[in-house]
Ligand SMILES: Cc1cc2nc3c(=O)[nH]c(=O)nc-3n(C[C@H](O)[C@H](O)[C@H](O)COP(=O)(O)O)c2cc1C
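This document opens with one chain alone, in structure tokens, the form predicted on its own.
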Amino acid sequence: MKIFAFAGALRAGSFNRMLLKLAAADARAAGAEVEIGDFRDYCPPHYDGDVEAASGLPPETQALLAKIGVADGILIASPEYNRSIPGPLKNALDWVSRAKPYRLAGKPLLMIGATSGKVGCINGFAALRITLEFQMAKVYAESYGLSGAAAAFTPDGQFVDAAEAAKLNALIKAFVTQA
């Protein structure tokens, strides 16, 4: 299975980037080929129908669509901002939806996320699921949300808690083998 993975966060020290690296390592250990993309490379300008009519899809969107097109599965690590998803991620997915047929249609997709809050991205996943399912992605039934992310990682980017590592590993392994 070829997985394209990215964190829907722009901050260099993002907890979601750390989480994504751990998830990618777990996926590789389960036999998947994983490419981690830098979301900054796929972050288009704000959606504007006039821009689309004049110029078509932006290069950043075309690049993201190309990665989605060759992947067998998608892994998105998204923070939760104000009980939803980050604006740049929503915007990128809105641009992706403009390509027909939907490139996410039928693609197995797993949502994971890390937040410094207490509810572990549950609300953000709900918002993300709406956007992804509208584009007919095959969103995996389970997700992984890490709360208290500010204290969850060691300085070298590993989990402090072995139980969290095992929980993520089990989900990733199931996604790779069932997707």
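Just so it is clear, the model here is predicted, and its values are computed rather than measured. The numbering used is simple: start at 1 and walk along the sequence shown.
There is also a form predicted together with this ligand; it is not shown, and the following applies to it.
**Message:** Given that this ligand is not shown alongside this chain, does A9 nevertheless sit within 4.5 Å of it in the model of the complex, heavy atom to heavy atom?
**Reply:** Answer yes; at least one heavy atom of A9 falls within 4.5 Å of this ligand in the model of the complex.
**4.5 Å heavy atom contact, S55 to this ligand in the model of the complex** = So S55 does not count as contacting this ligand.
**Asked** Does T61 reach this ligand in the model of the complex if we count a contact as any heavy atom within 4.5 Å?
**Response** Result no; T61 lies far from this ligand in the model of the complex.
**Asked** So, in the model of the complex, is G117 in contact with this ligand at a 4.5 angstroms heavy atom limit?
**Response** Yes, G117 lies within 4.5 Å of this ligand in the model of the complex.
**Message:** At 4.5 Å between heavy atoms, only one of the stretches 135-143, 29-37, 44-52, 109-117 reaches this ligand in the model of the complex; which one is it?
**Reply:** Flagged stretch: 109-117.
**Asked** Can you tell me which residues in 82-103 come within 4.5 angstroms of this ligand in the model of the complex, by heavy atoms?
**Response** Sequence-ordered list: N82, R83.
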